[in-house]
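First, one chain by itself in structure tokens, the form predicted alone.
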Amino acid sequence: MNRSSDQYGEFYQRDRSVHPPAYAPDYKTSILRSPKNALISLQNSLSEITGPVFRQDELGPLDNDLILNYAKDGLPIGERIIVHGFVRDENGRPVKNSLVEVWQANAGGRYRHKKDQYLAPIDPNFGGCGRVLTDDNGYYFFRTIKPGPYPWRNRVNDWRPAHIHFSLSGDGFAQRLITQMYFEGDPLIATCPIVRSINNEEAVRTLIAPLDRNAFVQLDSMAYRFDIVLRGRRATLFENRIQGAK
């Protein structure tokens, strides 16, 4: 089911200064997959300003608990953490019922994926995937194991800092965001070619989750705060309706 388009205007143009460029030579795999011609700007249509509606009953009770949702004969190994925050748009409004999907490596830095051949062992009790819906205030949280760093063949001895992948679906498809969250104090952040492709220090800081002592669970888990901003919408005011909207 799609959200109604009656109340929705177009989304703001994406601010390219806070996103990494498609072509970043130091991030070698971007070379072949980046466009060679200038991007074409198109007006938002109904397919961009609307999006799917998700319900809580479509999610499982352990979808936001990566510590338990794949456990079989024990608990996963590693540092137990909580990640939480708010999803808002560029106008500061909460984005409710946003589907937040996450995936990550285990504590040793290995993904549960057949193409990941890193020598770190696979944890039999950790799947590394989860999802959660934001509430009416745009708030979300999930529990997991802190991922480990891992080597990758970008250059001879490049290592990725510990990170969690995020995919977010907002009110419309044009709000879709895929990003990564890093951890405060990780020395590998400064040397990561993917992070260094973002030529905006303030934008990089928004990708780094600070430790949040107020959300610690005693004798259980530390916590990190990660707030996310999706694209905002223009007010429709007296403008014509979006083509295709009823």
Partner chain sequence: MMVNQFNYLKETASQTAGPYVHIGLAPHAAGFDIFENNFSNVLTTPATRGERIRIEGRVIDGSGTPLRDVLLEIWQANVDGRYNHPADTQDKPLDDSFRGWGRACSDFESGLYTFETIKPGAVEGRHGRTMAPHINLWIVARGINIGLNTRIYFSDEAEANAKDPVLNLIEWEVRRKTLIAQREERDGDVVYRFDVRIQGDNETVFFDV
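Positions refer to the first chain, counted from 1. Please read all numbers here as calculations on a predicted model, not as lab measurements.
The same protein also has a form predicted together with its partner chain, omitted here; what follows describes it.
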Quiz item: Closest heavy atom of residue 148 to its partner chain in the model of the complex, within 4.5 Å or not?
Solution: no
Quiz item: Should residue 74 be classed as touching its partner chain in the model of the complex when contacts are defined as heavy atoms within 4.5 Å?
Solution: no
Quiz item: Taking 4.5 angstroms as the cut-off for heavy atoms, does residue 82 touch its partner chain in the model of the complex?
Solution: no
Quiz item: Taking 4.5 angstroms as the cut-off for heavy atoms, does residue 129 touch its partner chain in the model of the complex?
Solution: yes
Quiz item: Across 159-180, which residues bring a heavy atom to within 4.5 Å of its partner chain in the model of the complex?
Solution: 165, 167, 171, 173, 174, 176, 177, 178, 179, 180
